[in-house]
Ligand code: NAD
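One chain comes next, on its own, written out as structure tokens in the form predicted on its own.
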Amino acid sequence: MSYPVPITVAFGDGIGPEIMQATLDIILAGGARLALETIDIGEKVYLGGNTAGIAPSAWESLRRTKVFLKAPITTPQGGGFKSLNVTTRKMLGLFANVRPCVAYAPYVDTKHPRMDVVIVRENEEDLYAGIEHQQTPEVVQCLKLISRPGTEKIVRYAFEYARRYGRKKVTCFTKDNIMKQTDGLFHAVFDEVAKEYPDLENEHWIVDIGAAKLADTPEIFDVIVMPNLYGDILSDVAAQIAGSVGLAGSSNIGEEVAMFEAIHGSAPRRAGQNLANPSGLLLGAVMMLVHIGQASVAETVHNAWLKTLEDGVHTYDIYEEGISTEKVGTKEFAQAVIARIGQQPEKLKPVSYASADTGAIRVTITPQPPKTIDIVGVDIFLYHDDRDPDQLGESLKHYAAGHMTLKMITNRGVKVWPAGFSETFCTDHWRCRFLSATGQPSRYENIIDLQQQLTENGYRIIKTENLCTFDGQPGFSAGQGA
């Protein structure tokens, strides 16, 4: 008999304590070998003055056990309170968010009875870096950060997951027809990594049409890997069209630590009424059991849950006359699943985790050779409340430093000088691109010189972005309309 695996458990807020107790009762009855450490997180901790919602002693438990089973929490209204999920994911390096979205027709209502899609979402980067600034009275900015190693980790994880779980295809969603640098990098790395998995099909979709196809014909997809924002939105969409967000579990995987949860919230209006469906958290716990090497227990529990659905024993949220046979509360649902431990569904497809019974998925990053980086220009962003781009261009075109002269002015990304259109609406936020006419590299001292010239003549600089080439390839986008 193997030793119990230490895990950290948080009972959370709202319906959290009820569904966590139900989940623990089921997996322990199914044979899970666990040593539980309980921590407080969420509303009580927030209101105690901790804006992160988690105490230092809780971090110590998480870093010791490296496995976190987490119930939903409530974040208090008002400013100053940080998202605990985002904080946990980023502090512990939980780079992969995995959300299986499966239809259970006809026992759970859905328009897509053959749906079986896994969303693999990058969890740390993109707009969720949370770097925002108000730059002028009219314009705010949020930085979208995509890194090569961050992308390679999530893409490799998606392919390894597909191979481990017997999937046949991995699809990438991006918007690289518009965001050619950030989403372009994500797509390029996907194509590079895909070549190493010839046993798996691969494809890329622009995210808007991909999302439309996911909502209309999800059965054409298998595993989908996406940057953070798209994955956050579309995994909820996928879970809902499969049947219910309330049935979806989620894993957050890092190189050392992993967190498992339901994807739904704490539903405080349902708290304490023995109504909540524990299925989302239970399926998150099933993913946890596979992760810690107890795949046979995960399979037993998952099949007992499927058998319970099939027998029509349903909580209020999925109960339907003519399909369901019994409406039960949270505790009674848990008891029904426990009573079916050892059974398998007869009409729904039984699950098997035999191929996954090798513990956590590990990925490695390919070392990149060094690149030659040359500065060839600078984008200087100005606050200027005169809305005449021609006047601004005429006043700036005389400034130069090194090989750099003014080549273009844009407003919200659209070229407005030279030869802009009068119809283009302008704000008080201007990007002024100074670029080497000959392609000759400049020095950073030239950029400082240029900033000093502009500042001394009364221009208000918001920020600068160096324009560089990497092994001779431009590392910056063109202006729209340029």
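Numbers for residues come from their place in the sequence shown, where the first is 1. Quick caveat, the model's predicted, so the values are computed rather than measured. For clarity, a rigid core is taken as the largest C-alpha set superposing within 1.5 Å between two forms.
We do not show the form predicted together with nicotinamide-adenine-dinucleotide (NAD), though everything after this point is about it.
For the three residues Ile73, Ala276 and Asp317, a heavy atom within 4.5 Å of nicotinamide-adenine-dinucleotide (NAD) turns up in the predicted complex in every case. Contact with nicotinamide-adenine-dinucleotide (NAD), judged by heavy atoms within 4.5 Å in the predicted complex, is confined among 24-32, 64-72, 429-437, 51-59 to 64-72. Scanning Asn85, Thr110, Gln343, Thr136 against nicotinamide-adenine-dinucleotide (NAD) in the predicted complex with a 4.5 Å heavy atom cut-off leaves one residue, Asn85. Comment: nicotinamide-adenine-dinucleotide (NAD) is not present in this chain, but in the predicted complex one of Gly265, Gly393, Gly254, Gly402 has a heavy atom within 4.5 Å of it, namely Gly265.
In the predicted complex, Asp126 stays away from nicotinamide-adenine-dinucleotide (NAD), with no heavy atom inside 4.5 Å. Although the partner is absent here, Ala10 is not a contact residue: none of its heavy atoms lies within 4.5 angstroms of nicotinamide-adenine-dinucleotide (NAD) in the predicted complex. Under a 4.5 angstroms non-hydrogen atom cutoff, nicotinamide-adenine-dinucleotide (NAD) in the predicted complex has Glu261 among its neighbouring residues. Looking at Arg270, you'd find a heavy atom of it within 4.5 angstroms of nicotinamide-adenine-dinucleotide (NAD) in the predicted complex. Put the two forms on the same core and the Cα of Tyr46 is off by 2 Å or more between the shown form and the other one.
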